[in-house]
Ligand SMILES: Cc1cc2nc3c(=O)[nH]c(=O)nc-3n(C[C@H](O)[C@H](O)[C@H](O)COP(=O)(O)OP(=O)(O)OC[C@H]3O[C@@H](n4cnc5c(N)ncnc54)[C@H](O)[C@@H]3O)c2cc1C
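Coming up is one lone chain in structure tokens, specifically the form predicted on its own.
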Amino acid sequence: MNADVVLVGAGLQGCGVALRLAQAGRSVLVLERSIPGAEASSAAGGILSPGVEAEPGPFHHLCMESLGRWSDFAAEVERLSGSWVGFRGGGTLEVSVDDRFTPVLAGRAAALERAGVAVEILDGDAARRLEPGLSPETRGAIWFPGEASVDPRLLGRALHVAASRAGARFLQGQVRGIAVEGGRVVGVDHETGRIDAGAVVLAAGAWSLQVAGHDLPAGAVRPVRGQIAVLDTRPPLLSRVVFTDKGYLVPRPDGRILCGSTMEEAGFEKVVTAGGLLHVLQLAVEAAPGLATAPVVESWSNFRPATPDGLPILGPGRIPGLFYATGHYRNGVLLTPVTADAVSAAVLGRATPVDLAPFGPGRLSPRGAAR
């Protein structure tokens, strides 16, 4: 078996890069040990918020570049797959129900305004006019009107279909390692045998270091567990994403509200705990007291792929033919379009739409250090 490019991992990043490479006429094979999009990709909240997630700098620029692609990307994936991905505008509200947090919000807003970010400072009354379900204790908020959200479960399924229809092939099974001969990548050793390829893209998320031959330093990617609870409100209590200093609420059009999320150094222990549920439900009711009577209809946990500096690992590595699309931590959904465009361009030897130098794997250890 062979392909021009093999992608290890069929989450949002792997499927997005596969779509672009297949559209460029390359033979693409995506390897996944389970169901495409079934792990962290489908467990995320789906928040598209550079304003909340990043301070001014290269990472914020990367996030803004991706946000600017999202409307067209969602429409393209829907057209190719025939499925809605749940893309919704309305902006993001970051609210304060604590006098100690209010000046923190104001300081962040001022810094973002100086960087040219569209942000509005609201008092408590103005915030509640936007979202009447917010707590009467709301002291103030900052509003990012250009931000949005998407439903990752719908997106994962649709992106898998879109990549398949563009010509990408998918193969289930265990990857044993990235094969290197003569100082360059020659393919992947799979449970079905050697798969020859001119390039390999590692897009295995929190599991990236479990792929032999990854050529990343120890600790380059680690799992950080997040737990989410889903409440059901009818009619919908909220219409846009709400952040507090403790977590977030993500409304869906049908009235479901995702309450998240914990950030736990728990290895690969995928469980929902009493303490995790207590945390996300407390922050939900504190931000929007009407949620206290809403039924809990679902809960889950999964793993963010975190890096030591919180930045993704994107682009080529030291070994010719080996590329990375991993380590997206809290921003995997947001960064899906720009990762697809930039990493595919790097694989194709074309100019990337953003500078990937700040996100290259070389920053994680001195060049030539032991791996």
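Note that residue numbering follows the sequence shown and begins at 1. If you're wondering where the values come from, they're calculated on a predicted model, not measured in any experiment.
Just so it is clear, the following notes concern the form predicted in complex with this ligand, a form of the same protein that is not shown.
Exercise for the section: Counting only non-hydrogen atoms, choose the one of 54-62, 299-307, 314-322, 340-348 that falls within 4.5 Å of this ligand in the predicted complex. Expected result: It is 299-307 that comes within 4.5 Å of the partner.
Practice task
Decide if the three candidate residues 11, 33 and 261 all line this ligand in the predicted complex, where lining means a heavy atom within 4.5 Å.
Solution key: The answer is yes: all three residues contact the partner (heavy atom, 4.5 Å cut-off).
Exercise for the section: Check each of 207, 73, 143, 170 and return the one that places a heavy atom within 4.5 angstroms of this ligand in the predicted complex. Expected result: Checking each option against this ligand in the predicted complex, the one that comes within 4.5 Å is 207.
Practice task
Tell me, yes or no, whether residue 226 is in contact with this ligand in the predicted complex, where a contact means a heavy atom of each within 4.5 Å.
Solution key: Residue 226 belongs to the contact set for this ligand.
Handout entry: 4.5 Å heavy atom contact, residue 28 to this ligand in the predicted complex
Key = Looking in the predicted complex, residue contacts with this ligand do not include residue 28, since no heavy atom lies within 4.5 Å.
Handout entry: Contact test in the predicted complex: residue 67 vs this ligand, heavy atoms, 4.5 Å
Key = Residue 67 lies outside the contact set for this ligand.
Practice task
Using the partner position in the predicted complex, report whether residue 174 sits within 4.5 Å of this ligand, counting heavy atoms only.
Solution key: Yes - in the predicted complex, heavy atoms of residue 174 and this ligand come within 4.5 Å of each other.
Handout entry: Residues in 229-248 close to this ligand in the predicted complex, defined by a heavy atom within 4.5 Å, in order
Key = Residue within 4.5 Å: 248, and no other.
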